[in-house]
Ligand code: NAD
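Okay, here we've got a single chain as structure tokens, the form predicted alone, with questions on binding and movement later.
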């Protein structure tokens, strides 16, 4: 069994990770971590996740939780780089599902991987989303630049960042195929007399409301036809199950920085 630690164990995603690990035939919950002031410190992680006692108490001591662990999963919004550095020091693989990580953090991941760390970092752990990224790449390659590209994403009303990391990743894929630049060629929303759409832009639109887990649609449109590629997540389990697959992948992987395209063999 792969001894796995969950960071952010009391959060919505952390609880689903714990529940899925408890049901896994290849992973076991080895540790559960929360911030020092969390009211859940000392609580059994299994009880928090609604799956009964697992004998793993939530702690704020990350280094202690990782001692002897095989892998750590972190979807938290803070302290991600510290988590990966701690994991690297202890020879523990790291699966990072945090979105909106700045480029300098990902650059640090690459340095750690070059020195022997095993890391999977992805905007979105969903198997379906990563297939969508591949399909968008193929569509952009086949259709060419004559098709207008628009991206629409919707998430729950508590999501802090916009656009979503996944939407950014989808736009980056189109830019890569077309030889465009994300910072210059992605247009975030439209208002007022903006004039006709230019030939070189990708529209990006973010919707927020209710408890939507995550919807992403990429539209390619030209005179006479429109192609829409969509993915809709109705449960956080889709991300949890993808993270577990990433842990299993890293158990046999060489040191390196990977993403879910590597995990799923889509490259």
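Everything numeric in this text was worked out from a predicted model, so none of it was measured. Positions refer to the first chain, counted from 1.
Keep in mind that the form predicted in complex with the named molecule is missing from the display, and what follows is about it.
Exactly one of the stretches 131 to 139, 176 to 184, 117 to 125, 84 to 92 approaches the named molecule in the model of the complex with heavy atoms within 4.5 Å, and it is 117 to 125. Of the listed positions (218, 66, 29, 33), a single one reaches within 4.5 angstroms of the named molecule by any non-hydrogen atom in the model of the complex, namely 33.
Although the partner is absent here, residue 189 lies well away from the named molecule in the model of the complex, with no heavy atom inside 4.5 Å. For the chain shown alone, residue 78 is a contact residue for the named molecule in the model of the complex, at least one non-hydrogen atom being within 4.5 angstroms. The closest non-hydrogen atom of residue 10 lies within 4.5 Å of the named molecule in the model of the complex.
Under a 4.5 angstroms non-hydrogen atom cutoff, the named molecule in the model of the complex lacks residue 106 among its neighbouring residues. Contacts with the named molecule in the model of the complex, taken as any heavy atom within 4.5 Å, map within 158 to 172 to 159, 160, 161.
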